[in-house]
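Only one chain comes next, encoded as structure tokens, the form predicted alone.
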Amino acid sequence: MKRISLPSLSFALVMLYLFLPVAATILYSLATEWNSTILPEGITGKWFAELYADPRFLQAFGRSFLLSFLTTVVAVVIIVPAVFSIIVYAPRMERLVQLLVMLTYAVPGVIMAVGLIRTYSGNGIPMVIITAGAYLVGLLPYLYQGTRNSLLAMQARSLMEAAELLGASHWQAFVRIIVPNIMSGIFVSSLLSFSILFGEFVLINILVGGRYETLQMYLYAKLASSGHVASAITVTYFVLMAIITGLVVKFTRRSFARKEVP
């Protein structure tokens, strides 16, 4: 009889610990009742039907998607050229910029929200725009590091010099040579940034509140009224994050495959 090694047993226990809550959430979202038994007393899809028929859920989902998507697009348009300029034309500033970018981790969301309220409340600027700006700053570490790694891996400085020797302008070389070669890195960083913003709750709840209800705020409200519907929302969020994770893995593997090709 083959003995189970300690590393295999430890790995199995960790996987059980990680996936057991997910499995319980999925079962609860499909259960008719689950109060006094080990397994659900019945299986139904009415909680998902009730959720997807609720216009409030659809609006909250749409707001979360729109805010996350637009903020990510604006962040990519601003951050990618800035990182490219630093890596290629100002490499001496890279360590300082990297340090400043990483400092965004040091500011808790609650403190940032209070500071933004004290600074911008009463100025006539919609707090949704302020929230999007705060999100953009929060995405700096993810987009900066992903773009930086892609530029260094493809030796962007050498490619720019070669393109300029062949008569291309800075803009032409960046758009036609650099961007296509780092597109997989940009896409992976963008998907990661989108998933982080889609699940954000602290800033949007403090700065905007119920005036702009997102999916996480809708979930928080449903926790007090129906645990089954709240579980259905969580499962929907899990599925969306699983799709995004699959896309990240796919494009990451494709990027590594291209680097291995001689």
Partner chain sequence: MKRFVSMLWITTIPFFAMIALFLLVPLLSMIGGSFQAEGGGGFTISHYREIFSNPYYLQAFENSVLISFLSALIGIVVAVFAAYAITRFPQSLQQRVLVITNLTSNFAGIPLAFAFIVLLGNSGLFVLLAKQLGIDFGQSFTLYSWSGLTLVYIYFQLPLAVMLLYPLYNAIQKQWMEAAELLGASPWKFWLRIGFPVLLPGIVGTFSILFANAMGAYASAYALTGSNYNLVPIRIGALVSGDIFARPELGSALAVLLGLTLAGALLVNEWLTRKIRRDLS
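Definition used throughout: the rigid core is the maximal C-alpha set that superposes within 1.5 Å between two forms. Numbering follows the first chain given and starts at 1. All values reported here derive from a predicted model rather than from experimental measurement.
A second form of this protein, the form predicted in complex with the partner chain, is not displayed here; the remarks below concern that form.
Quiz item: Looking at the partner chain in the model of the complex, do all three of Ser5, Val97 and Phe174 come within 4.5 Å of it through at least one heavy atom?
Solution: Yes, because Ser5, Val97 and Phe174 each have a heavy atom that approaches the partner chain to within 4.5 Å in the model of the complex.
Practice problem: With heavy atoms only and a cut-off of 4.5 Å, decide whether Leu166 touches the partner chain in the model of the complex. | Solution: Heavy-atom contact with the partner chain at 4.5 Å: absent for Leu166.
Quiz item: Is Asn149 close enough to the partner chain in the model of the complex to count, meaning some heavy atom within 4.5 Å?
Solution: Output for Asn149 is no: heavy atoms all beyond 4.5 Å of the partner chain.
Quiz item: Given that the partner is absent here, does Val114 sit within 4.5 Å of the partner chain in the model of the complex, heavy atoms only?
Solution: Residue-level check for Val114: yes, a contact with the partner chain.
Exercise. Find out whether any non-hydrogen atom of Val188 is located within 4.5 angstroms of the partner chain in the model of the complex, and reply yes or no.
Key: Taking the distances in the model of the complex, the answer for Val188 is no, it never comes within 4.5 Å of the partner chain.
Quiz item: Listed by sequence position, which residues of 114-140 have a non-hydrogen atom within 4.5 angstroms of the partner chain in the model of the complex?
Solution: Heavy-atom contacts within 4.5 Å come from Val114, Gly115, Leu116, Ile117, Arg118, Thr119, Tyr120, Ile130, Gly133, Ala134, Leu136, Val137, Leu140.
Quiz prompt | Ala242: Cα shift of 2 Å or greater between the shown form and the other one (core-aligned) | solution = Comparing forms between the shown form and the other one, the Ala242 CA shifts below 2 Å.
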